[in-house]
Ligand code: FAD
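The chain below stands alone and is given in structure tokens; this is the form predicted alone.
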Amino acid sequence: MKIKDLLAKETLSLSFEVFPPKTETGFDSVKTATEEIAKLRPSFMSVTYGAGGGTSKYTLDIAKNIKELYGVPTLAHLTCVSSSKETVRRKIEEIKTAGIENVMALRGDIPAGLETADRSEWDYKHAIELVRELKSAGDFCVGGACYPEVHPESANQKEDIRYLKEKVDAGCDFLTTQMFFDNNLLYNFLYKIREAGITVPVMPGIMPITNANQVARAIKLSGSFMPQRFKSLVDKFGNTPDAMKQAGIAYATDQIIDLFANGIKNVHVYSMNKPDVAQKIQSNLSDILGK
């Protein structure tokens, strides 16, 4: 089933993101974790691609397994940074062969060692070009990323939203946000993009912070603003792993409840391949979701 059709429904839904293993030796444990999350019957599951396609060969294996064993719709990530057109087109054919019809089109993080490289000769400089490639290659439902707190490479939010509009006009069927920890940032962002004429569905991306070490990484990856309420939580419970895990799940649950209460129908959870975290969040929302 196409993600855009799921998002068109009036019912509330929860979906989860998982990531493939970095090495072959980790495949079995990741496969087991993703299957446990699939057993929760989320609305869909997305499978990431890895910086520079570093884990790309496992993305389709995981996505296909989830879809075939559990009937859960899957969304395969695809990045294009520093890739040739030939490489990307081959990957698109592999996605078709795997029977995956939903693709998350991302530029991707610049691979280590290429941060200062000359990008003028790259076949793909932006995700916009990948969106167009996917739309011309088949009947894909294409998703894109958006940043409530501004893409780190954009000069300002106005410029960021202008590029986002171009990406949507190129064929994005829906958008998923980078993680955020203050829902007011999302509500403000949604108001601005709707004013700019961006009307496709936007799914908030929620990251449950279940250990204190994740905080620094989250800030580094997304530049996320940390509200004082969240900082206090980490200060109080960060040195007690079980308490921090419980508090982080509660904080993420509270964010999701507020989003649902304010008209958001679909929320995407960055599960970090943790079935117990996914299960507890879904359990906290069981009556709200009708599960």
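Residues carry their position along the shown sequence, with the first being 1. Note that this is a predicted model, so its numbers are computed, not measured.
Unshown form predicted in complex with flavin-adenine dinucleotide (FAD); subsequent notes refer to it.
Of the heavy atoms in Y187, none are within 4.5 Å of flavin-adenine dinucleotide (FAD) in the predicted bound form. When flavin-adenine dinucleotide (FAD) is considered in the predicted bound form, S154 lines it closely, a heavy atom lying within 4.5 Å. Residue contact check for V142: none of its heavy atoms lie within 4.5 Å of flavin-adenine dinucleotide (FAD) in the predicted bound form. Within this chain, F44 is remote from the site of flavin-adenine dinucleotide (FAD) in the predicted bound form, having no heavy atom within 4.5 Å. Proximity to flavin-adenine dinucleotide (FAD) in the predicted bound form, defined as a heavy atom within 4.5 Å, singles out one entry of L106, I206, V72, V88, which is L106. Of the candidate stretches 91-99, 191-199, 210-218, 164-172, only 164-172 has residues whose heavy atoms lie within 4.5 Å of flavin-adenine dinucleotide (FAD) in the predicted bound form. For the stretch 177-198, the set of residues having any non-hydrogen atom within 4.5 angstroms of flavin-adenine dinucleotide (FAD) in the predicted bound form comprises T177, Q178, in sequence order.
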